[in-house]
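Just one chain follows, in the form predicted on its own, and it is written as structure tokens.
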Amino acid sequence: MRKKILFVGSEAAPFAATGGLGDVLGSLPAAIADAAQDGVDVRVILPLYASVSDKYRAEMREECVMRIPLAWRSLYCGVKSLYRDGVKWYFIDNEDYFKRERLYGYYDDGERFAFFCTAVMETMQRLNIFPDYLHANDWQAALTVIYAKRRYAHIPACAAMKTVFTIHNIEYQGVYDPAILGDIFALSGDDALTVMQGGAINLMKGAIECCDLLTTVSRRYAEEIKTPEFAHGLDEVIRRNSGKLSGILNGIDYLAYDPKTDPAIPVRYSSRLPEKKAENKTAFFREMGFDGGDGKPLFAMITRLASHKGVDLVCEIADRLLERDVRFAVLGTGDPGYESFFRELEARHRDKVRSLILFDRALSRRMYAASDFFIMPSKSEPCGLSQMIASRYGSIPITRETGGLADSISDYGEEDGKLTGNGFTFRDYSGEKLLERIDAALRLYRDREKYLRYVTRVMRIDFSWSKSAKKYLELYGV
């Protein structure tokens, strides 16, 4: 009998995505379905946001319309569905909550995702789609795990299912005032011990306590979040539940990220013809208005401009990096202070720097394809996908040894004439250490034959979902 897996999450590409969670939920379910070779029934449920395109809306069928309880309220809920890549997708429709410009960042996010999680539980009943494993992702879906154990356990089919909760980033926990325990989250005083942490409601903490299996997105991060340095106050909770914790490294969609076929880049190429990658740098230099200098190494950084991404280290060494006669391009938005720094850096070094303070997926592809090296010196990084995408496009990663970066990128070396590793790495959180590895990368760049061999090696590292999907199937007992 086929195992039934139901993923629950707040975003998934290509329907609606803001970052890594959306990329993962957009590709992992299909990878699991493919790896199981018809041995599982994989489904996903997420909100029907305004950003879901008309193309996908036209493919949807209406499953049901109902009213669902949210504490003292009775609210409209529509459920639509479509099939894609061997997976059935469900969409929870309520325009008051989800027909908005952004996915997150509203005063009533707690209520919005309480509605969503309640709708998931009610949809399972209405459509009789109780899975063997309910797999919830991050705090926005945490209440499904809590509700399964605290509000819906009296339903035999609900009590029989196992729950999995995945922490994609422990920094974001869903923390709310205790006053809304009943009024918004429909939990009783008896549930308070489960969800309370540090005098506040903490939805992630509640899901960690309630789930049958707990996962996170890399082996290193699974160990790191047991410590105060990385756990943002939940280290004791994680340690208490460590017996059900495992770390499974994320992957990337190899069909979506493929320099042989990517329509967003000017010149297609592969690991067999890495020299053609340079034509993308020529095109990017022309696009950015750099005057000549195609032979100069291009360093790229595509990131959210936030302190935990190691942006402060790049700021610390920026002028010394540019003294090495390189070109540097940064793409991203975030902290206004960092945005101002990079704008000013470009103003001082118009011949060497482009600061692209925006969110542009197509431009990011062109930067991956054009750049020789990709800087990612994160202070903390649960998994990271950018270093994997950069590798796929032959942009050699320069990373700090933390979280998923440590699990996916190993340091450059040579043994008996053979090149080893797949990037340049450093351990101490230090601008000096980052600059040391940049200098090592520049030494490699100057040896063109060896550099091209290393680009080929980096491009051939397997960051597809194939290995990780099999580990998830083992987790589900398939």
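The numbering used is simple: start at 1 and walk along the sequence shown. What you are looking at is a predicted structure, and each value in this text was computed from that prediction instead of being measured.
The same protein has a further form, the form predicted together with a small molecule, not shown here; the description that follows concerns it.
Shown alone, this chain has one stretch from 324 to 332, 351 to 359, 229 to 237, 167 to 175 that lies within 4.5 Å of the small molecule in the predicted bound form by heavy atoms: 167 to 175. At least one heavy atom of C383 is located within 4.5 Å of the small molecule in the predicted bound form.
Contact annotation for N250: at least one heavy atom lies within 4.5 Å of the small molecule in the predicted bound form. At the 4.5 Å threshold, heavy atoms of V217 reach the small molecule in the predicted bound form.
Using a 4.5 angstroms threshold between heavy atoms, A469 stays clear of the small molecule in the predicted bound form.
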